[in-house]
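Quick setup: one chain, the form predicted alone, written in structure tokens, and binding and motion questions come after.
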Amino acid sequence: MEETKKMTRKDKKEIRNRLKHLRSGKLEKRDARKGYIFMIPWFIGAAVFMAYPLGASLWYSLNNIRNTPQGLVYTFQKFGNFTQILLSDPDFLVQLVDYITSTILSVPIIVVFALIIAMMLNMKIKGKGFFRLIFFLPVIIVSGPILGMLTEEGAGSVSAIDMNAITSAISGVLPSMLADPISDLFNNMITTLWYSGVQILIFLSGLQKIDKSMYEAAKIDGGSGWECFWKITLPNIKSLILLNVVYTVIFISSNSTNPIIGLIQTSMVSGTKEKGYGYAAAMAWLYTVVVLLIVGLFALLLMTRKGAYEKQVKRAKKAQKREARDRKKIERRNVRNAKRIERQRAQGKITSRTTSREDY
């Protein structure tokens, strides 16, 4: 009977744990509801200030719009603007290919540079606030027309003598399709690195939240700085890497110096019969689709790849679940055996002397 009481106490304890788990699940749902409530203003703002402009631009892209003294005249032509852009507008396609190549090349450079600078600023050095100001100051300077003025003066590019040597070296190794975008990237390297101020701050905030005891424990176990970086730092800031990649792609795509933005604006105010508001809207929608595909590509590369640490954690969790299932099976079997022995004792079939360990 004492053994049965012990098992029933275990069952009660297990029931209490399950109730606690259910209560914690309710708390998580309540916190999630609070989060959705705080997101309601954003949804309202998106519906009011984004839904109508997006719908209007989509309707414009399906029409040929002419600006007359009587107002705008709409001529519905389905996907005529899109087919005209893709089949008979070489400027847009050339600019789009250059944009895709330069974005895929420049985004990793900006993010890696931002991570390196953030790790350096996170070290114990004197004047960290001053250095953070230096790296974030270009974000303020390059905003607006100041960036265009600096670009026209050649402040954001490498000198012509050095650039000629770089271009000749790259052209001798790579084909022209890759050599031209890489040469442009080196030519605008200073401007490209100016775009890393916000990313540095995001990485810096993530690095400061990592528990320092993890690094101390790793060093006690003989881990090197390189191993700490791959097994502690990167897994903890993996979500911030994806955030910075998405932010960098959107920032480069919506930058005023982007030649595609200028091409869309020129098409919008063009006085030709084929172009106009509808043509520019169709061009903008094609450009948006390409930007979303690039964001999806980077997200796919970063979200599907799991680190060694995450794999070890996943295997450890599976082993714990398997051990818990085996332990529950043993407990249930012990409960059944104890009940069977008690029934047999009550019926007088066995006595305490005849009970062996095998019965349990």
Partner chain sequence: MKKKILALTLACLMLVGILAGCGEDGGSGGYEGATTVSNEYEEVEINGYKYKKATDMTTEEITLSVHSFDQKEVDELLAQRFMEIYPNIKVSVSYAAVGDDYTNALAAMVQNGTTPDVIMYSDADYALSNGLLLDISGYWNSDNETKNLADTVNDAQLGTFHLEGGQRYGVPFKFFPGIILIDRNVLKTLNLPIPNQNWTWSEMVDIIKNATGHTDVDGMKYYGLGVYNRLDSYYGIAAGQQYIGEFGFNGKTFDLSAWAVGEQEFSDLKLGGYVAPARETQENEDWTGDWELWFGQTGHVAVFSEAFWTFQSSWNAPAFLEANPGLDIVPYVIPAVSEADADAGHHSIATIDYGGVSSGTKYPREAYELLKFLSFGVDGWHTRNEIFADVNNTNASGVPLKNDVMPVPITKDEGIWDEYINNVYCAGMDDEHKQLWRDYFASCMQPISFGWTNIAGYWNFCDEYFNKIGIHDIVDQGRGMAADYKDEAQRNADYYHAKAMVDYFGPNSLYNVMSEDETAFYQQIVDEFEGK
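By rigid core we mean the largest C-alpha set that fits within 1.5 Å across both forms. Treat the numbers as computed from the prediction; the structure is a model and nothing was measured. Residue numbers count along the first chain shown, from 1.
The discussion below concerns the form predicted in complex with its partner chain, not included here.
- Remark: Glu216 does not count among the residues lining its partner chain in the predicted bound form, judged by a heavy atom distance of 4.5 Å or less.
- By the criterion of a heavy atom within 4.5 Å, Gln312 is excluded from the residues contacting its partner chain in the predicted bound form.
- In the predicted bound form, its partner chain sits beyond 4.5 Å of every heavy atom of Ala319.
- Its partner chain is not drawn, but in the predicted bound form it has a heavy atom within 4.5 Å of Ile44.
- Checked against its partner chain in the predicted bound form, the residues Val97, Val73, Leu234, Leu86 give one hit for a heavy atom within 4.5 Å, which is Val73.
- Core-superposed comparison between the shown form and the other one: the C-alpha position of Pro90 differs by less than 2 Å.
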